[in-house]
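Below sits a lone chain in structure tokens, taken as the form predicted alone.
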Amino acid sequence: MTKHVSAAASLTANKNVQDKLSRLGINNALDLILHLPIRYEDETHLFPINDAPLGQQIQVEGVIIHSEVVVRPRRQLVCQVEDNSGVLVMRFLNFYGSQIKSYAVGKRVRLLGEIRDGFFGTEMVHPKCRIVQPGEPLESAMTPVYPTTAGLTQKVLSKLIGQSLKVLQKEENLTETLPDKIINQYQLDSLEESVMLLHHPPPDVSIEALQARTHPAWQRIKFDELLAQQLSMRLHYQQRRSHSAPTLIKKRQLSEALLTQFSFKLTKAQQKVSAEINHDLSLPHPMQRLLQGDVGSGKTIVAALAALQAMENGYQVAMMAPTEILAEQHFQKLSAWFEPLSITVVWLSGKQKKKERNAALAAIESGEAMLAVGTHALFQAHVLFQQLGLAIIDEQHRFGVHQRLALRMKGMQSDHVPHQLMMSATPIPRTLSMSYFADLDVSIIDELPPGRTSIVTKLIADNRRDEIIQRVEQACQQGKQVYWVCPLIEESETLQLQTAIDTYENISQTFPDLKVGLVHGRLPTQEKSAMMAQFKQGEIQLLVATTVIEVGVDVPNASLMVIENAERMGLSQLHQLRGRVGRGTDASVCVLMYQRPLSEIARKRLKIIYKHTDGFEIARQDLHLRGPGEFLGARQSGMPMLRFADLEQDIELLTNAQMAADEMLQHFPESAQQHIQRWLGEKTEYLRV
């Protein structure tokens, strides 16, 4: 197929058209052929006007018997179209002078659109309208509608795709990359026949099956796409396992010393995932493991035990978090745990004072610091580790591809790659884990530590703010602590949200006897740290904050949280914020305050967070609402998304693709490489980290 790239280039010699095609990810003839329709228009059938069904797209034909521009109730072009069975009104709210001339009395027109009962009777509003001659033949195939971009018409795109398909048929088949054994085993249609049918479906094909993408031709395309993803992930998994990593044997001395500090025992789930990580670290190839656990499930202690295993073998550990507050929380917690074990822990952040920063850098380079905790500052070029054995990345989805890779490269010494443990408190639904994380080993902490109290979630409109303020005052008077979370730190005219600064000032004035604190992302690091420390020690009763407290903050005495403008936040963020309470023995409440009117999506989000406390169920529903691109932050990270397959709808295809990938890599490695190249091309680079 590659020798026909030049043929495609000649079709798109116009630089302007090439640029627009490139925006759609179309760079050669194969890309054009695999640029498949998003829907179809059926212009292969005609309905008599009086027998045409309402509410679905159909085609009718008739002669214009009346045409005029009316100005009431608004200016519009109104035409009456008649066939042998009846009369239909064709109405345009936006129109050109040329259309008034074209749609004159006596013209025969063919209309495609939805018929409905309207102001003027049975009508079509803004139909696709074409002037035809009596007896003009109908289309022989359904009309595809392609994904396009501004300035690139369906007509131009269809023409380019049609020419590429002719080249395909005339000079070379769209050769199969799948072995006959796989095609027969999974009862797949031919790829070439599937592509041709999807671009030019004949009249007898079910338009419902095409639109729903359940037709066997769509099944073949989706299978091939999922298979390419699985093959690429498995190959990268194999490639990583071919590298050498330090063999970190579990010696137990430090880990047992740490566990004796605690008044609790690890849960069975924590023990299980710790054993999985212990095993991986003891192998001579790099661990690439994702540790998932709901809010408050105890991921940090599992990460600490993994870090101690590396240190017992003389290797340093880096722990990276996406925000300064979370990184500093980790630093404080791990310092308190590790200092009794005579382990030096240093903190590295972009906002440190020079003297403090230089001291931390020197300790890391000399090997004195066995654990470095920080933000993205950890992977800057001037940060030099003496011997990095393990990189731990918290909330890994918040870092871009290149940032994760940069941290791993810190340990590339003498052909050794450091082990990598990624943590996420945003549970990943099973279908995403099977597809986008197929190159990782996944551990799940699926139980909470004993003693965690359940959190009651309440939905309250903001016109009941006074009631909420009274509840806050009562909680503080009873010796409890309260979070009040606001989504913005300064007024926005467009969103008109209550700001953290205004809320802080108002509450301080309303309750002069309460000790109120304020934390937001623009506070200097030292002020932020001091404020969080005061809240943790109970010196502050009410903390007004932005979503910087979303993860990592652990204050057992905080039992009430109020979240302003909850309708503006995502499900994952709401769940994370809610997890800041319920960490002690007292019953906890999270009040979601919302502003009317609610959009449909906001209503659905609030209903989900109100009904569910299980992070995995919330994540599953979030995936359903937003789709994988938004859920994974793929637009920020560059991860290539599936174009055709739907993970919820196509779970059986995904399972089959997993099995087929294993078989192809084992028995048909050349076919596997050809298949990846056809479907992913250069995009495979994004999957390496």
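Residue numbers here begin at 1 and follow the sequence given. Keep in mind that what you see is a predicted model, and the values were worked out from it rather than measured.
If you look for the form predicted together with a small molecule, you will not find it shown, but the lines that follow are about it.
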Checklist entry - Looking at 292 to 300, 457 to 465, 82 to 90, 67 to 75, which one sits within 4.5 Å of the small molecule in the predicted bound form if you count heavy atoms only? => result 292 to 300
Checklist outcome for this item: In this chain shown alone, the residue from G570, G162, P449, P179 with a heavy atom within 4.5 Å of the small molecule in the predicted bound form is P449
Item to check | Answer option from T267, N506, N565, T546, heavy atom within 4.5 Å of the small molecule in the predicted bound form | outcome: T267
Checklist entry - Does R110 make contact with the small molecule in the predicted bound form, using a 4.5 Å heavy atom cut-off? => result no
Next on the checklist: Check D554 for me: does it contact the small molecule in the predicted bound form (non-hydrogen atoms, 4.5 angstroms)?
Outcome noted: yes
Checklist entry - Is K528 one of the residues lying within 4.5 Å of the small molecule in the predicted bound form, judged by heavy atom distances? => result no
Next on the checklist: Considering non-hydrogen atoms and a 4.5 Å limit, does the small molecule approach R583 in the predicted bound form?
Outcome noted: yes
